[in-house]
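Just one chain follows, in the form predicted alone, and it is written as structure tokens.
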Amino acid sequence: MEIYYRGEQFDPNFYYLSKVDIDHSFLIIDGKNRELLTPKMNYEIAKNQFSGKVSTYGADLWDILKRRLGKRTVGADLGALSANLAKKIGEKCTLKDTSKKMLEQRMKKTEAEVTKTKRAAREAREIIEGIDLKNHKTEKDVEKTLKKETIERGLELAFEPIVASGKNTAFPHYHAGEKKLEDIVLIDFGVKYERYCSDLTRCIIMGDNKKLKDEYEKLQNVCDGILDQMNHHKTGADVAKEAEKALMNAGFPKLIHSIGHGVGLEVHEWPRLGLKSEDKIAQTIMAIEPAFYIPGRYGMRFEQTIFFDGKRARVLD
């Protein structure tokens, strides 16, 4: 038996298992039986959207959970439950953490998940490519346009956009400010389509700085090379080692963050792509982001959202 809870905020595991996003609801899974326990005000929408039994609760919530859980061992994502809620549920049963199991389960993507992520990636790329920097003066101006275009397309942001220019591009997680746009502008941006995230980074070279343009082209070639070799790899560590070698051979500094990460209902999920990662990468969606940063001068990052079917890496954006 397992129990998952969707409180005030979206919960990826609850949504993944229930296929609905209804606040303050409990999903109870007992073998093949699935029950959504929801507040009375959510009953009608739950009946229309949820495939399974729908029950309501009010002040009798804890009596209902006591009857359902019955002092059994019950799986739950303890990382998503507040300490208070976990304590109260734990008084009715013995809780067993399922957070790792869920991360592993969500790693392998279905064709439907790939299709939704591809749409999210395409939308993000189109928004970035549609920005005319000549009509923007500052980093904040670009950030506002990214957000405005996202809303107008009926989408959600996957994360707060990163817009950096000049020396600020040397900070991987920089927050846009009032700095005027200079010769290089880095945009790290992603949107959600039907809850699935994309994650892209592009550098735009303003003017005719041949050195910057050549470096950026070389970085893109590194990314292409990593994807071309993906069919030889099985784990996140394999990808990390390939990337480390490719960046070194291209003459770039050692990468100060991982080469990427899994993408799905969350913008950062498994597989992990560190040098010690044993996560299997077949059938996963990943953001691959080779980069370099020169403190006090500038940095560059080129990031693509890709799907690896176990034989070939396919760019989704």
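Throughout, we count residues from 1 along the sequence that is shown. What you see is a predicted model, and the numbers here were worked out from it, not measured in a lab.
As for the form predicted in complex with a further copy of the same chain, it is not shown, yet the points below apply to it.
> Is every one of Glu44, Ala83 and Pro172 within 4.5 Å of a further copy of the same chain in the model of the complex, counting heavy atoms?
Replying inline: Every listed residue reaches a further copy of the same chain in the model of the complex, so yes.
>> Using a 4.5 Å heavy atom cut-off, which residue among Ser99, Thr235, Gln220, Thr138 comes into contact with a further copy of the same chain in the model of the complex?
In response: Exactly one listed residue reaches within 4.5 Å, namely Ser99.
> Can you pick the one in Lys211, Lys148, Arg72, Lys180 that has a heavy atom within 4.5 Å of a further copy of the same chain in the model of the complex?
Replying inline: Flagged contact: Lys148.
>> Based on heavy atom distances of 4.5 Å or less, which listed stretch (36-44, 246-254, 64-72, 50-58) is in contact with a further copy of the same chain in the model of the complex?
In response: This holds for exactly one stretch, 36-44.
> Given that the partner is absent here, does Glu111 sit within 4.5 Å of a further copy of the same chain in the model of the complex, heavy atoms only?
Replying inline: Looking in the model of the complex, residue contacts with a further copy of the same chain do not include Glu111, since no heavy atom lies within 4.5 Å.
> According to a 4.5 angstroms non-hydrogen atom cut-off, is Lys280 in contact with a further copy of the same chain in the model of the complex?
Replying inline: No.
> Should Met206 be counted as a contact of a further copy of the same chain in the model of the complex, where contact means heavy atoms within 4.5 Å?
Replying inline: Met206 lies outside the contact set for a further copy of the same chain.
> in the model of the complex, does Lys144 have a heavy atom within 4.5 Å of a further copy of the same chain?
Replying inline: Contact with a further copy of the same chain, yes.
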